[in-house]
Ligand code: GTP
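Okay, so here's just one chain, in structure tokens, the form predicted on its own.
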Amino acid sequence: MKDLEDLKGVGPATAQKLREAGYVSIEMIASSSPYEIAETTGLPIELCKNIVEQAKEEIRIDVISGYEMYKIRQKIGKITTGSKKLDELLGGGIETQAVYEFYGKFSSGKSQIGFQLSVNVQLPEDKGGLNGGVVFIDTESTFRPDRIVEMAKHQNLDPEEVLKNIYVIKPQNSEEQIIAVEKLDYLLKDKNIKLIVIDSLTSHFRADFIGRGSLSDRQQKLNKHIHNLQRYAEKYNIAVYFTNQVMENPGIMYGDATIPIGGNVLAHAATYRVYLRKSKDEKRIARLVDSPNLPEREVIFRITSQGVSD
């Protein structure tokens, strides 16, 4: 099956409802709950159960050997952050086929690193780039073209060409953000995209889902959202960088009580988690909190008018 209309019981009107609700492929239906589909589309639950079962039958589970996985990982590319110390902390830079979460308080440097990566990914490979474009999902209206121009000039790149290779999306709420990510396939295929930046991932979710009663729904949507990003990272061999907001944990009596928003959903989904703190003057402190293969430790770097540096 290729189209939703190939599913039994799904005519043009039903397919339209599914697509409008964000279920644009057989794979997405197969990985969704029939109750969730029924709630978001208004379709009968029995029909939703039926189409989910059909979709699952169409999905083939691929099994590969460890050696094949090893060969796939040989294709990984790395993007320099601009700081050798920060690159060392991350095992050589921001790598493709991985999802990075950088969290911290206001002015800790999260957005600036996102800008710097958006410039650096366009560098040649021998200079720490991947000769690729960027999708920048701006949920907090933080994207500043003039800042990109400053950083591009410092790298001896043409600022106009750099800006032309950054595709900015400004969703107005969490639903628009989810749909925007689900529809990225065409851009990732056609524009040689090597990096997705989301600044920030949780801002709209935090605003749209208020109170404990909506927590479960928020976490389910966040979970699906982050898994779509993981899928893109692996499928297209790209890097995903997202920033996250923080809150104070009242249960922590001593030490730093700052924790990221999103709970276990984001904690388990991010390949690498980095906590940023502001220090004196232009200095920032980065702590690698979680990684599948690197030790937890801290480094100091700087954010200047020219960008991220040591």
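Numbering starts at 1 and follows the sequence shown. Predicted model, so just to flag it, every value in this text is computed and none were measured.
The protein also exists as the form predicted in complex with guanosine-5'-triphosphate; that form is not presented, and the subsequent description refers to it.
- Of the candidates Ser111, Ser203, Thr81, Gln177, Ser111 is the one whose heavy atoms come within 4.5 Å of guanosine-5'-triphosphate in the model of the complex; the others do not.
- Taking non-hydrogen atoms only, Glu140 approaches guanosine-5'-triphosphate to within 4.5 angstroms in the model of the complex.
- Residue contact check for Ile303: one or more of its heavy atoms lie within 4.5 Å of guanosine-5'-triphosphate in the model of the complex.
- In the model of the complex, none of the heavy atoms of Tyr186 sits within 4.5 Å of a heavy atom of guanosine-5'-triphosphate.
- guanosine-5'-triphosphate in the model of the complex is not approached by Arg273, whose heavy atoms all lie more than 4.5 angstroms from it.
- Annotated contact segment (heavy atom within 4.5 Å of guanosine-5'-triphosphate in the model of the complex): 143-151, selected among 143-151, 85-93, 123-131, 159-167.
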